[in-house]
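A single chain comes next, written as structure tokens; it is the form predicted alone.
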């Protein structure tokens, strides 16, 4: 029997939520839903200088739009509230006090300049830079002297010597880290706020999280966090570190690759199901190749198939899933997405010619009576057909009305044209394009009078 997994997504409200983080959130959400567990949203906003309320509101709205419904979190509540770390200071204070009583931590008075000099000297000596333990052995008098000088201490975790921290990563397998290679690290900043290493780890344990998924750039953070949990006697969650999301050039996905945040893709008009289908396949191989409805994704999710290699984001693939999603929308859904009100015939006309909402604009303008503007290739085709052809087309239209089949039969008899020689100049004159929606319904939507004017304009202007 599968044990229900408790997973979480813990973003920092310091900017728009990145697509790489969204992918991790999706995997975490699917894991919880697959096992009948719980998905938690936690806001990690202890970085007071960079955290902004509007970013918090934005990421909550974007995740809700994507359909990632959390069971516990801000504005939802739950047994582990509060779910914003800026509101959990008293909890952290109690845990710091416990670590101090146990002798697991000590105050550090080193300034930023002191630390930079120490790292520089270590690099010059060919050693990896890490905290040298300068303040670890300070006695009470030395501490009082530094505080009298106005130095505000951080709190560092005293890493035990000559030990090995071991864990099995869901993605990377068995891991082992020598504590002698890990410097004493900060768990409380000089302003009294908890550091990432500390609050991220203890909140996972206190909230009952059983599975943590995150990018593999956090893999080396894990032994530090496990030491904190072990010192506090808190349960360890399972960890899985997936390969990062990169662009086509192999570099981490960023603004220089185009859109990089969920908000940007939403604003451009990509549909949430399209994004989910693309992200579902980035660094994860499920058991289905075809388009999946979001509600069906949990049963096709395979945690054991998460990949350690970087996953390449390809917008061309996203466009593929966008088209697959559009094909499954109702006329009403497409109308709402494109903000058009022309009834089902108009929607069906543009359905197969639209990837993003701006793609519909020229077709909607065409149906509103605006004459098409021809490009170089289209002008060449119209000129080759000649004014006599378009005069005959206008006359045939006047006799048959907006019935393309009858009109083209009559026009073919009078001009001797067949196939592309007949239809391509008509399409160009009526739409301004050499391709697009099926011409017969398009002609009916344009209407006889507007179509006649477009044909006659080419008869008059050779």
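Positions refer to the first chain, counted from 1. These numbers were taken from a predicted model, which means no experiment stands behind them.
Separately, the form predicted together with glutamic acid exists; it is not shown, and the next lines address it.
For the options 172, 214, 88, 130, the one in contact with glutamic acid in the model of the complex, meaning a heavy atom within 4.5 Å, is 214. Only one of 291, 185, 106, 196 comes within 4.5 Å of glutamic acid in the model of the complex through a heavy atom, and that residue is 196. Not displayed here, glutamic acid is kept clear of residue 448 by more than 4.5 Å at the level of heavy atoms in the model of the complex. Glutamic acid is not shown here, and in the model of the complex it never comes within 4.5 Å of any heavy atom of residue 277. Proximity of residue 11 to glutamic acid in the model of the complex: non-hydrogen atoms within 4.5 Å are present. With a 4.5 Å cutoff on heavy atoms, residue 218 counts as touching glutamic acid in the model of the complex. The stretch in contact with glutamic acid in the model of the complex, judged by heavy atoms within 4.5 Å, is 196-204, chosen from 157-165, 313-321, 196-204, 226-234. For the stretch 22-48, the set of residues having any non-hydrogen atom within 4.5 angstroms of glutamic acid in the model of the complex comprises only 44.
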